[in-house]
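Okay, so here's just one chain, in structure tokens, the form predicted on its own.
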């Protein structure tokens, strides 16, 4: 057993920032991560970091843009705190050595991004996430923070009181990839989940292969609900063959989208008459797919993104790696020809329900970054808001877990926040196939925190041995079924019949998962075992996304329903919560908080 005050699970941007802040507050903190920190998916972020640095800009403008971008489903306490603190975090990052791109006078460059009323996106070429990771990892090394590298956390050690708000998280169980050791990590003060996104629930995604919704699913099974999971961001510019991201920075610098008729589609067909290519991501993604569906797509699949007119010098200076991506994956020279792009799954707006300090309803359990929902992004995230989110809320969770925050949160969590229940029936059975099976049930109630952890380790050891020793099917077939139905039925455009089909397919996959087995007998570097465990998480998050999408009968942000082509504030100005409930999931709602630090946000028509 390993013991620390604060355990941070995941070492991308959010995890690194949380660990640094907890350490600064005097905590004995450790990072437990299935990837080496600088291999985390944060490193794939290209575009930039939003912060109101310019004298003509302000935090309240940043907050308003974020709330508008969220289609008024963001919670004001989180949005206001984020916009206020982003400036400090970016300046601190610069002081730590972040190599931001700069203007000729030496000031940090800021460029326009979709949905912003002012150019406030700082960047480091088109490799912003890469540089951010390295900059913060240096700070972790400088402080001597313990890093348990390539330890895959598979279970949380949580007491099992009937009300999740009465439970306490005492640590986690992790599998060391190099040795096969399964050990407990005891957290005296708290566990902070920073495990990233869930793109592997889809088969066309910008996300890394490691993004399997681990944190969301573990917290869900431990009692912390998932919130607003139906809101999935599809980035409008991904390469058709691979899903590799082409940065919004291309459009921020002036890149243009053309259809097969060589028409500038965003203006020609009225998708965004004011902001054009720099409308929010959900607007641009729908525009591109509409062009394809109406026969104006190129090869009936994609549109063109053209940056040739920017000139070689500007492209090399600010977007050089985009040239390499287009050449390597599509055989296109962006200096001489337009690049093929189409929407791909990119980001999850929903996640583990937490307050504005990243604390869930389970005492001692936190979530930050993409695996969390505060709710900062609401129904749609603005480009450039993910990286400052990692900084602001990573720091907030680190301070809170270390005991340095006395303020009471304004955002409620857990069953006590419920306003009303979903009153319809699912077209397929939900949740555990057999709630008594240790593969389907987490939690345990025993005398001491250490015993809670020891029981969790033993339960997980039994689960791993079962997977390793029995005969059965390969998890990859199960995962592929989930990915296929999610991409076909729960994509940018959603219809009721498709959503119901997805839930039926996911149920079949969950039932098939009961018979999965690991063929590789090795006890070291067993990627088959790791991926098999991850697939359980993929099933859980996919079910939450599909059911939330079926239940929300409106068009809001990234969530488009064919039968419901308007935002319905009178019925759906509320968050969707999905709780494990002992293996018999329940879907319910809680109100959105629009009362901000300065004034109340009033929902308006969202246009660009």
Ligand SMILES: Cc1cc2nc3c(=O)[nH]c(=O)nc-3n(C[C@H](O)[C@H](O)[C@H](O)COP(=O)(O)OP(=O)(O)OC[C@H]3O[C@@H](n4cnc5c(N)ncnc54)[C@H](O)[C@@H]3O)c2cc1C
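Owing to the predicted nature of the structure, the values given are computational and were not obtained by experimental measurement. Residue numbers count along the first chain shown, from 1.
Another form, the form predicted together with the named molecule, is not on view; read the next lines as being about it.
Enquirer: Examine residue 75 and determine whether its closest non-hydrogen atom to the named molecule in the model of the complex is within 4.5 angstroms.
Expert: Contact with the named molecule, no.
Enquirer: Please tell me whether any heavy atom belonging to residue 214 falls inside 4.5 Å of a heavy atom of the named molecule, as the geometry stands in the model of the complex.
Expert: Answer yes; at least one heavy atom of residue 214 falls within 4.5 Å of the named molecule in the model of the complex.
Enquirer: Report whether the minimum heavy atom distance between residue 19 and the named molecule in the model of the complex is within 4.5 Å.
Expert: No - in the model of the complex, heavy atoms of residue 19 and the named molecule never come within 4.5 Å of each other.
Enquirer: May I ask you to state whether residue 386 is within 4.5 Å of the named molecule in the model of the complex, using heavy atom distances?
Expert: Yes - in the model of the complex, heavy atoms of residue 386 and the named molecule come within 4.5 Å of each other.
Enquirer: Would you say all of 48, 194 and 347 touch the named molecule in the model of the complex, counting a heavy atom within 4.5 Å as a touch?
Expert: Yes, each of 48, 194 and 347 comes within 4.5 Å of the named molecule in the model of the complex.
Enquirer: Just one of 393, 202, 151, 220 has a heavy atom within 4.5 Å of the named molecule in the model of the complex. Which one?
Expert: After the contact test, the surviving option is 151.
Enquirer: Can you say which of 539-547, 53-61, 29-37, 556-564 gets within 4.5 Å of the named molecule in the model of the complex, counting heavy atoms only?
Expert: Contact criterion met by 29-37 only.
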